[in-house]
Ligand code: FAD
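Listed next as structure tokens is one chain, alone, in the form predicted alone.
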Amino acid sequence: MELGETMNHNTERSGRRSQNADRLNISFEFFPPKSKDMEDGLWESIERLVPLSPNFVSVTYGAGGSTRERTHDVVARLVKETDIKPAAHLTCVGASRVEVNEVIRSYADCGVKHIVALRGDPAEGVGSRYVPHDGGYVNGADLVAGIRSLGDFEVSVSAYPEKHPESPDFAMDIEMLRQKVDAGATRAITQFFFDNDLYEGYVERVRRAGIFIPIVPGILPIHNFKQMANFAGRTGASVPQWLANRFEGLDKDPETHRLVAAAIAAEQVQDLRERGIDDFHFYTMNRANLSYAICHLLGLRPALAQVA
């Protein structure tokens, strides 16, 4: 079976479709706000993007579990005020099994049926040494098993087209993904990337290893090229020279920067669609306009408003 056929066979389909975008399934990621102004901005972004009928929207969980209550509040409000399915991020950093299980049960109690299970970054941030909490879940696979033992959750996990920065090689990286799938993971969402050949090569490795859950590409609209490049360097994601060339000279020209960013992301998604990929996860950074413009370029149009 060819790569595109494999992906089509193994990718879940949503019953909802926006006009003129057949077979294009999207999801959006947000992070919980730290202030009232940020909270207002978050909900403005959600209101802007929800009419595009995403399969789900996910809400992140800060390093070391630092946004536990805010993440819960956002997903609870999504359940209450919208008909969009929320996916709550959860990590096992800095917490015991008892504490993590309390969070899982609290998600279930407020109607959340989808959890994005991640080992998580230490409270010190990306690049710091990870040490499992005494009495806590050991890693992502262990966390997936714990989630599945507590309820009938859909569980998404992370995947790394360019290898997790802590993995010695791709073989170990894919073995970790296998363990998460064996524990009950139903979908993987990739770290952002800009070279589609890297993603395609990664999926081929995963399929050869006998892993057939959907591997959803994570797409990062570039709001600030320099900030993105710095973050990519810490997370092991490569930044092609052609991409740097596209943004050259735009540091003080935000309007052109936005236009270029939208075109680049739309080109990337369109190329992946031509390779047989239909599902995409957008890292919005809580800013709606760029993600909205990209989706418009791809043919998505708003359905009826779904936020009260």
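Computed from a predicted structure; not experimentally measured. All residue numbers refer to positions in the sequence shown, first residue = 1.
Below, we refer to the form predicted together with the ligand, which is not included among the displayed structures.
- Heavy atoms within 4.5 Å of the ligand in the predicted bound form are found in exactly one of 107 to 115, 163 to 171, 145 to 153, 72 to 80, that being 163 to 171.
- A single residue from the set His133, Arg205, His89, Lys85 has any heavy atom within 4.5 angstroms of the ligand in the predicted bound form; that residue is His89.
- Here is the short version: of Asn101, Asn196, Thr186, Thr190, the single residue with a heavy atom within 4.5 Å of the ligand in the predicted bound form is Thr190.
- Proximity of Tyr61 to the ligand in the predicted bound form falls within the 4.5 Å heavy atom cutoff.
- Pro221 falls outside the set of residues with a heavy atom inside 4.5 Å of the ligand in the predicted bound form.
- Proximity of Tyr283 to the ligand in the predicted bound form falls within the 4.5 Å heavy atom cutoff.
- Contact annotation: Ile211 falls outside 4.5 Å of the ligand in the predicted bound form, judged by heavy atom distances.
- Taking the ligand as positioned in the predicted bound form, none of the residues of 239 to 278 brings a heavy atom within 4.5 Å of it.
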